[in-house]
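Take a look at this single chain, the form predicted on its own, given in structure tokens.
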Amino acid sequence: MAKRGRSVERSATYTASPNIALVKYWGMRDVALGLPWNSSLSVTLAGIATTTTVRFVPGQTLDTLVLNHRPATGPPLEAVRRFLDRVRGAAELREGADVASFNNFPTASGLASSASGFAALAGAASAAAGLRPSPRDLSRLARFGSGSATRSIFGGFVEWRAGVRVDGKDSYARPLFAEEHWPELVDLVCLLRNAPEKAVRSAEAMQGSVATSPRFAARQAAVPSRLRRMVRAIRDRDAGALFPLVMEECDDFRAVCETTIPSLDYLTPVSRAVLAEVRAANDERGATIAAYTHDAGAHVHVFTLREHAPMLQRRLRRIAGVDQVRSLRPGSGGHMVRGPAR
């Protein structure tokens, strides 16, 4: 990264959207460097986002964090502080920072708020510090806050390459297909009423899976081929090929979580009712017209094509405990809202 010039101002605002992983990463081969065991594939989502402002304050020694209009302390503040220390080291800064971050969607419940949050923090903090990272370097930086944040730097369909180097320089995200590539694709996001927040952070939970799940090794063997087949299906805009793979991957991921010691069960009965409704809709049509997936949380994403979306949306809304069903499309990558300023 290029270092800042002395005339560069100290405040910037950046926005980034969460992504939903079609192929999950779950487990780090190097926790300190944020390096995953396997490559992953995701879709950046339009319509939901995190907007973050970072202001480095001359003479200030501590960092502050306001998250969704409330002062944050404890682990969230410590994670932000560690991330800012990395930016300060690159920019040769000593000042503390005031950070304000807002999500327009639920936090810590499986909608990848950490992905959009740390992608937005990476963009805002780098600009405020006077750094000028390339998109690839910004992707590398974002992973130190949250692995999935590396993908939210880019829009559309994104691959995070796991890499093989011990220094992690070959581990970064890259865009594969733009958000306009598949205009018929729709993500129906089922937001559950009273969805619980995660009791254990994903960063800790996944390492438990690496150490204890008997399904982890088999999943690692299956992921590369599954990812390649998904990329081909997306390239060809072939829903009939993609949707079964998405559910296969989700079920595989969930099996690893549930066989972890202690077991990781992120779904609620309402979540499972959504999965069952998708299976029923496919059975009734005699074809796979929709696919479910979820991350480490209770909310469920249902991918389908535009022609089937209204029918599925009606069915999903009728499930008791589903608060709303939002229809989202592939969206753009992170971008500056307000550049460096005093």
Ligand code: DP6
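Residue numbers run from 1 along the displayed sequence. None of the values given here were measured: they were computed from a predicted structure.
Just so you know, the form predicted together with this ligand exists too; it's not on screen, but the next bit is about it.
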Looking at this ligand in the predicted complex, is some heavy atom of each of D187, C250 and H299 within 4.5 Å of it?
-> no
For the chain seen here without its partner, which of 24-32, 44-52, 66-74, 309-317 has a heavy atom within 4.5 Å of this ligand in the predicted complex?
-> 24-32
One residue of R201, R161, R81, R136 in contact with this ligand, assessed in the predicted complex (non-hydrogen atom, 4.5 angstroms) | R201
Ok, A127, V99, M206, L192: which has a heavy atom sitting within 4.5 Å of this ligand in the predicted complex?
-> M206
Examine G147 and determine whether its closest non-hydrogen atom to this ligand in the predicted complex is within 4.5 angstroms.
-> yes
Restricting to 149-184, the residues within 4.5 Å of this ligand in the predicted complex through any heavy atom are R151
